[in-house]
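Below you will find one chain, with nothing else, as structure tokens; this is the form predicted alone, and questions on how it binds or moves follow later.
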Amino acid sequence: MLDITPLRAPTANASQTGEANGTSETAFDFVGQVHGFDTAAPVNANTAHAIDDAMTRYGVLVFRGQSLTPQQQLDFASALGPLDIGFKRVAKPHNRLGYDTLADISNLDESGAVASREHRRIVGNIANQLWHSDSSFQRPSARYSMLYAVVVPPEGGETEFADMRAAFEALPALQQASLRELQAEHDALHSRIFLGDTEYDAAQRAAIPPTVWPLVRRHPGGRSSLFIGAHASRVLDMTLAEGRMLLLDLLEHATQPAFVYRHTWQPGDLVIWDNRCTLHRGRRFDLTQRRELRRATTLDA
């Protein structure tokens, strides 16, 4: 059994609602903090099963005070499922970390220095600020993402998580029924092109062809969940305009403060989230300040 408590944290919009110093706290029933667990230690089958159970219950787990080498992070992730390389199949970024299955979520260039604003990888930093589910543009899509904080900026750079199960359950019953009939196409390049990163050749565009997912997916835990986000480019059997407006309306609904937890990073934090029932996004920070995190992701296989 894992020692887990529901996490209490400032609401996502506390600083925007006039509450002094963002001190208003909310308990999030989809976010749990795990105590007394060393993610660098080997994970046996029983422990992996306990983590799976906890992820089904929550959707987001927070482990504070961890110390992980890149290999230890990959070992931990591998115990929870096969590893994903995701967008690296489209574009081969510089491999500063030396592992294809470890994503460099940083604003650093090939040498490890803070990249200039003109560096192409900065587009990736900005794309991470859009609400998304990792690797929703492929089959199988991602199951768990595990993001580990190495260096964090003095302010900004938080990560927000939105509970897609609670968001779906808050919709009127008639709308729930209508959404169950719809499917959306997810495209790996949709958000990048939206942000002006259009320099992809035919081979890159074909590396991960768009895939189709239901707008509502049933989580293995039994609850239904919206499956939307920045990779969702259109809704099948709708005009492009009508479908995209529906996606925007659903995203606006699903990312209301009542459904959103904002994580303020500390070095040594490891956060795991379930891409099948949550969306996430990074928040803005001063791109001249070093921010270094790394992510391992498992496939929903």
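Computed from a predicted model, the values in this text were never measured in an experiment. Residue numbers here begin at 1 and follow the sequence given.
There is another form of this protein, the form predicted in complex with N-oxalylglycine, and it is not shown here; the text below is about that form.
Checking 214 to 222, 158 to 166, 178 to 186, 194 to 202 against N-oxalylglycine in the model of the complex, the stretch whose residues place heavy atoms within 4.5 Å of it is 158 to 166. Residue contact with N-oxalylglycine in the model of the complex: residue 147 places a heavy atom within 4.5 Å of it. N-oxalylglycine is not shown here, and in the model of the complex it never comes within 4.5 Å of any heavy atom of residue 28. Residue 273 belongs to the set of residues with a heavy atom inside 4.5 Å of N-oxalylglycine in the model of the complex. Taking the partner from elsewhere, residue 132 is found to have a heavy atom lying within 4.5 Å of N-oxalylglycine in the model of the complex. Although the partner is absent from the chain shown here, none of 64, 68 and 267 has a heavy atom within 4.5 Å of N-oxalylglycine in the model of the complex.
Only one of the listed residues (115, 207, 152, 105) places a non-hydrogen atom within 4.5 angstroms of N-oxalylglycine in the model of the complex, and that residue is 105.
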